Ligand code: 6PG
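Given next, in structure tokens, is a single chain: the form predicted on its own.
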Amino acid sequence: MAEHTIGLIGCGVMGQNLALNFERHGYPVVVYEADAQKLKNYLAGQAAGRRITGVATLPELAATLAAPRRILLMVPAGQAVDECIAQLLPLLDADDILIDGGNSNYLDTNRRAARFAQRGLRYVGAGISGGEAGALRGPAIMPGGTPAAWADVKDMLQAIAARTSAGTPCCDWVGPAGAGHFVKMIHNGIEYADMQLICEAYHLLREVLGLSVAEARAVFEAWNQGELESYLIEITGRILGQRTADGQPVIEQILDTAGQKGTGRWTALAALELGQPVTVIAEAVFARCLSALQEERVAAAAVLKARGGAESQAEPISAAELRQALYAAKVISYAQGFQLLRAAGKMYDWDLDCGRIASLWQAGCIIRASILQPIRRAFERDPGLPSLLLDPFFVEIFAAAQPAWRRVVATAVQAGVPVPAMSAALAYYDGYRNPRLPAHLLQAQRDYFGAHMYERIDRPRGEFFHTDWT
């Protein structure tokens, strides 16, 4: 047996940087990559002179590692993971641990963890966030799966993870089965919402307030010094400051079509399955879908005109009001994400600690932001908090932000500037605080055409009634 303490499968950029991170923290790595040339280039380049070695086959990888084997899988989610598992299973012994560090669907992780348990093996679905830089310098890691695996992977995963300002590693056990990948999926769903909200704010700065790219950049840089401080606000300012060789803003040269890899869509699907109104994340996903219809939108622009416009506003909104609206909507996206976490915890019997999850996202990951500190404190004050909207800190935030938030959304509507996520956040807030929604009419309609019955306000819950409407 060689000295290697962890095996790594998949030599993409994330895999390469994670291997460097492990090695830097005292964990030698043996790497397998199906593309032999890619592996050769890595070993001769970034990994040169380090305790990182390569093998040509999976049997060599298994033979190199001491028991219990710890193997990190960094391959694309889906079929590639199952194919790799099929090749690995005959090579593994009881108590060996496979860590899936990719963006796997949590339902797949549920299935794989159960399969490993049947064979006396241990499976960890570890959500890893932070991109290429985070993988190298310290990502946020959200491990879940076989509980007995945690003791044997805890030290190495926490060693490479990012740390909060208090020095706490942004890596802790989340729960059994697919809990880790579910938490990572929620992280990504909030990321979708946060990015869309920022884009809507930028659109309003440009189209309604009439700011130049440079002026918008200054606004984002100022916002990053206050309650909106976050990685995504920070990089937005940097993006807006990037210039081409002839001095033009790079942002103006980019086609307005956004891609996606699926985790936001999975979040929306999970919300539908669990009956949770994760509207801001869903609108962020649909906004990307709409952006993909670029040619249709260009053609429609010549035909479909907005009535009114920004010039019709007697009192234009200010950047300060937009900041308040953005912050309030951002809180809603987090509230919806945590509400979905709580629902999944109940459905799958996962004992999810929302306060601890918030702390995992305070450094290293893409949605790291100052807002996570009051979110963590809210769940520490009340672990059973049904919604962040009910925490006293955020009650005050919404009370202060509402006038600006409503003006911003109304102004956007009158100006014909789409703000699907920001308006969905406001609609959710109004729906959540409303003691009587028009769903009573909806239920009457269902009873009329389908005899679905309804409950009454003057009778106990659980009693159902039907009216012969005709």
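Quick note: we count residues from 1 along the sequence shown, nothing fancier. Values in this document were obtained by computation on a predicted structure and should not be read as measured data.
The following text describes the form predicted in complex with ligand 6PG, which does not appear among the structures shown.
Exactly one of the stretches 202-210, 124-132, 394-402, 237-245 approaches ligand 6PG in the model of the complex with heavy atoms within 4.5 Å, and it is 124-132. Out of the listed residues N103, N110, S359, T279, N103 is the one that sits within 4.5 Å of ligand 6PG in the model of the complex by at least one heavy atom. In terms of contact with ligand 6PG in the model of the complex, the residue from Q158, Q373, T168, Q260 that brings a heavy atom within 4.5 Å is Q260. In the model of the complex, ligand 6PG sits beyond 4.5 Å of every heavy atom of F338. Residue contact with ligand 6PG in the model of the complex: Y192 places a heavy atom within 4.5 Å of it. Remark: K184 counts among the residues lining ligand 6PG in the model of the complex, judged by a heavy atom distance of 4.5 Å or less.
Mapping the unseen interface onto this chain, I366 counts among the residues with a heavy atom inside 4.5 Å of ligand 6PG in the model of the complex.
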